[in-house]
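Just so you know, structure 1 and structure 2 below are the same protein chain in two forms, each on its own as structure tokens.
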Structure 1
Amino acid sequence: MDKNPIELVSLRKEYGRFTAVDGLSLGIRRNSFTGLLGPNGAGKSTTLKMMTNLIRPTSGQVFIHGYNVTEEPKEALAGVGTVIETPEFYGYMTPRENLRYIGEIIGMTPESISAQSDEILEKVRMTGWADKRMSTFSKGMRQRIAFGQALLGDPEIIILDEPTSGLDPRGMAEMRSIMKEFRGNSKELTVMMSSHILHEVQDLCDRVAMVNCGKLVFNDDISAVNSMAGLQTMVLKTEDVSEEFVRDRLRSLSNVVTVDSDGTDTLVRFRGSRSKLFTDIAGLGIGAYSLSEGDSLETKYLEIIKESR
């Protein structure tokens, strides 16, 4: 079996007395799309900056294609496209000029730059703006160009730091659509993307790694999270009834496996027919007024983050 193209080994970053990343070890599988998920301040951006040699770890190592990023950055980061934090561009340049500028920096030939630029601009849906000054662009348009910039040179690995951060709903939807389409057409590509947006990771990624307080708290396939060992999840809201009474009544149902409550909603995991669950709950007399499908990733995320505090 091939080695993982990215390996984080006991990665740690301290700022004085504050520990931003705390002994993080994580392997990123080849040809996977991994979402690095966690609340604000969990250490996601710090981790990606150490992976791309923008900051040095206090201890631990990052290996990309077997090369130590700190000791051999040129070799490690060859063939890696990145978008870290908010992209900045020279406003007087056009997207085509920007791609040519970056292509020259990474050592591409003029012919390759020209051929790839047209292809990339089409992929990120910016062909019509290829020769317009970027000072006139919205944040979403600049984000698309940043993603396109990361595609230059046909990288084998792409690292993205919250690529939809700060965009309006339309801009977020456009970026996700572009990334999903690109991912679907790229079989030999490893992507790692940080985010704190659950449904973004659910929509784009096939694996998820969760971090909290700088520590890795979960790492598995999205499908494993979604299946939840074959269970379905529903969120129940009830009138002003004792939580203990609601839990006891729900646990008496044959198809209910677990019941949890956060004081506002009751989370019910069950097997079998959803319509049967509806009928059974209606007959319990617990004042149920809302029953909606739960998000498995959200459920797992909230459980894990709560446990790791």
Structure 2
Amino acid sequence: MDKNPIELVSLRKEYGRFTAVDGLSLGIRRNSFTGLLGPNGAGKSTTLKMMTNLIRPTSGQVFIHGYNVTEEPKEALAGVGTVIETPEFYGYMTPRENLRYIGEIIGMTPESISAQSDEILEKVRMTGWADKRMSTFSKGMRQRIAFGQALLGDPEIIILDEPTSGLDPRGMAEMRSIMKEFRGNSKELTVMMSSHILHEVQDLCDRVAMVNCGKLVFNDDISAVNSMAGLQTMVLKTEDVSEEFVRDRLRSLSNVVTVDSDGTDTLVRFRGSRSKLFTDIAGLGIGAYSLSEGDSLETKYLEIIKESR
């Protein structure tokens, strides 16, 4: 029961001399939300495509529910919802017809397809477009339907490749809100998503896996990202003093490791207590008027990617 629902074993994909994925082994825990991060060309999409039987591994295996995806795709992909890249739909069909087609393929009854389609279309704010042919839909509208079709049949596993790509800011927020809703539900659901938007991963995921040059370079709880090197990041805003003066004064603090400035904000990386840092900065006389938590995932991501090059 506690066995990982997704297991990647020594996964490798070569295109001629280029190795897109290089011996990747990764277990995705049951009921976890795992973010897959990595720079462009790191092998994220290739990995997700091998997980969904769109491409075959050169060597290694992907197991979903204990079934090898390449050898037993029908068994492995049962109960799996996917959005890979920005898929296209059958333009001659309406969203409702597209959902019915996918629902039939995965073996849902006409009644449950009908009931769940209405619910999903409402959830992705596409009810008003439910009966219009999709050939004229914008990328954002298609992405909403793509996300919706992944939810059909109440999947136990959802695999998402940049799920908010192509959506406007409101659409992104709505998709995140739907996913958070799922995380809050007690039902069985394991999600693996790749994203370039780090705060989206920080916001939604409880686990993070980082890949670079096709290799797994980090895989842990997202909370471990902050504590791994014991470094934290805060963003400081000051007024009426020079940048140089601020930097010099901050560097004089014993718990501060690095100080960087981008012209408006100062990024302070430090060890130890945040309240102590706050008290220390207040006593520096550098015109500090704001101290907020920095994006630790971004900091950690950049560090790990830099180290693994």
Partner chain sequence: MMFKLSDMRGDAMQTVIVARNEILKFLRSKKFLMFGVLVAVLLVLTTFLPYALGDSISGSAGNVFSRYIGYASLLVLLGATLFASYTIVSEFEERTALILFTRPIRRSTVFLGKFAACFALTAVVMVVYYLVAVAVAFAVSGSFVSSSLSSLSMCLAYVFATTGVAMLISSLMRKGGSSAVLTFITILLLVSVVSAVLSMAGTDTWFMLDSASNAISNSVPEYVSGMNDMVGEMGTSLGVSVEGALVETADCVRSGGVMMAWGAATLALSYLVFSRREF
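In this text, rigid core is short for the largest set of C-alphas that superpose within 1.5 Å between two forms. Note that the coordinates shown come from a computational prediction; the quantities given were computed from them, not determined experimentally. Residue indices: 1-based, along structure 1.
S.K.: Tell me which of the two, 1 or 2, is the form predicted together with the partner chain.
M.R.: Pick structure 2 here.
S.K.: Is residue 117 one of the residues whose C-alpha moves 2 Å or more between structures 1 and 2 after the core fit?
M.R.: No, the C-alpha position differs by under 2 Å between structures 1 and 2.
S.K.: Fitting the rigid core first, would the Cα of residue 218 be found 2 Å or more away between structures 1 and 2?
M.R.: Result for residue 218: no, shift under 2 Å.
S.K.: Just checking, between structures 1 and 2 and with the core aligned, does residue 42 shift 2 Å or more at the CA?
M.R.: Not so; residue 42 is displaced by less than 2 Å.
S.K.: May I ask for the C-alpha shift of residue 241 between structures 1 and 2, in Å, based on superposition of the rigid core?
M.R.: Value for residue 241 between structures 1 and 2: 14.8 Å of C-alpha shift.
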